[in-house]
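The chain below stands alone and is given in structure tokens; this is the form predicted alone.
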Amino acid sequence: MASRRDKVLFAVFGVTVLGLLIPLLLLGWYLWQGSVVAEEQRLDELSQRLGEQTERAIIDTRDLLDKLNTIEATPCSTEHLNKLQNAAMSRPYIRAVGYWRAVERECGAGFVQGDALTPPQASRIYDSGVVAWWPGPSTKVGGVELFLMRYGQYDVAIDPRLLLTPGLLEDQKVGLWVESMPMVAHPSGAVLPNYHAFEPGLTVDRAEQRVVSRTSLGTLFPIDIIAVQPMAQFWQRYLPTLAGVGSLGLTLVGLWLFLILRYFRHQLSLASELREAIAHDQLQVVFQPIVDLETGACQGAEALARWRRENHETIGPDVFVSLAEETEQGTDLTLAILRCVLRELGPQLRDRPDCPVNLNITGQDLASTRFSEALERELENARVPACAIKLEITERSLLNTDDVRQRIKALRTRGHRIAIDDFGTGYSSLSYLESFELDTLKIDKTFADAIGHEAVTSNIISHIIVMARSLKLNIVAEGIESGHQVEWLRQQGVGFGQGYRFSRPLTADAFRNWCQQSGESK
């Protein structure tokens, strides 16, 4: 009966829509006009954001140059180069910092060192003493034309590509000029109209079939941005809507079938199965030991979730964790993992809270008080102290808001320790991490892999360790697989580690036995 009813409703729906062809065509025209306005506004907002972003970067670089000129250290000494390296790492768009004596660049740090970057003639010399070299063949290093600013005895090399955030650009072309000189274009090598040909604001260039946005800003340097959206791409973007109005019958049939299929697929989708698995505590947890690199004693473990579907297919955490976040199930997943940890290791955590389990949390967990309240409730029910559960959040998920800071502070006040996981894969600087109350920094596996190799990351790990020490954070190295990695990390003062060198992820029983055999920490 239900199937027959659906067929009748489908037929009635199709006939009704066909009778509304003219109103729908008018609606299509209205939607088209609204889409044009929305696209113009989007390009204007994009240009404004890119311009302000570049402006802040240049002003910030000017301030950094002031600070560099106050450094007290023997020029080009190890101490001096370390300070330059720290400065080079402090901003994601900076590629190098150099020290000059008169007209010669004597040494530097970052991706370009020594005198490898000494352009013959400056593009601009300002009354303030700032000297600037715009990107060009003379500033080209490693295939990238850099933007240089020098003040006093120091220069800073900026990768202009990083002044434009790729995630904002999508499929439009963007060009950025500083002091009427081209700084960067996206995509690389894109042919862009001269910004002088357009007034500030939005222009619909019907002759060239494009929408052009020009934004001009001016403080330390005048900045102009041109964003171009071809009309052809705009048509392509909205083609499904327009085609739907033009061929109503076939589209409505397809839409109706799509909605029906989508409904049934939703019932059987991976997201729905995950929701069921979370609701019925069907997830499993394994534990990867964290050890003292000096003694080899177990210092705790990181809880790693595992999911096996009813058809015995194993879904990796890289899939279902992302899926949970995309479907707003992130906090439910975290709490399900917590409950599993408490079931498996509750007695041990009550007896040995100094050997904690690390629970991975996400930005969604810190976005409201729901996770914090549920965490407290679950621990009270299990009679497990807060200090027995350490919370790990990835660097990329650490939202820079006052609410998040307050929630982290409240969790630490209750006794939880906070760790930054996979550090080095994002763009956090020293000043950014200083704004949060943290306890532990976990160095990403990619840096452990680089130990002993001639790679950029093998140099960066030393600076990460120094940065963590300056913040008085405990350091845990992830992904340790060999003895020489352990020895190098110990020499650098790294206290703790985890990885296959010590143990693969273990079940709760195997983890308890492993701790006893390896000798638990005192």
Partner chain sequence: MSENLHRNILATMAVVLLTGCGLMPARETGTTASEPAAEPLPERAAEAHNGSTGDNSDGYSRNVVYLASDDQAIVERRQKLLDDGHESVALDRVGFYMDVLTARLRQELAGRDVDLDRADRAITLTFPGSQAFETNSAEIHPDMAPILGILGRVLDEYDASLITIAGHTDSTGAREFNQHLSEQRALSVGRHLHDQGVAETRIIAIGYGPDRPIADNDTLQGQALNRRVELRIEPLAAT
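Residue numbers count along the first chain shown, from 1. None of the values given here were measured: they were computed from a predicted structure. Whichever C-alpha set is largest while still superposing within 1.5 Å between the two forms counts as the rigid core.
The following text describes the form predicted in complex with the partner chain, which does not appear among the structures shown.
Per the 4.5 Å heavy atom criterion, the partner chain in the predicted complex is contacted by stretch 151-159, the sole one of 151-159, 443-451, 73-81, 313-321. Here is the short version: of W133, Y93, W177, F111, the single residue with a heavy atom within 4.5 Å of the partner chain in the predicted complex is W133.
Residue in contact with the partner chain in the predicted complex (any heavy atom within 4.5 Å), chosen from N381, T413, S128, S368: S128.
Taking the partner from the other structure, the partner chain in the predicted complex has no heavy atom within 4.5 Å of any heavy atom of Q282. At the 4.5 Å threshold, heavy atoms of R377 stay clear of the partner chain in the predicted complex, well away from it.
Using a 4.5 angstroms limit between non-hydrogen atoms, P120 touches the partner chain in the predicted complex. Using a 4.5 Å cutoff between non-hydrogen atoms, A102 counts as a contact of the partner chain in the predicted complex.
The Cα shift for A324 between the shown form and the other one, taken after rigid core superposition, is smaller than 2 angstroms. Superposition of the core reveals a Cα shift of less than 2 Å for E310 between the shown form and the other one.
Shown in the overlay between the shown form and the other one, fitted on the rigid core, is a CA shift at G152 of 2 Å or greater.
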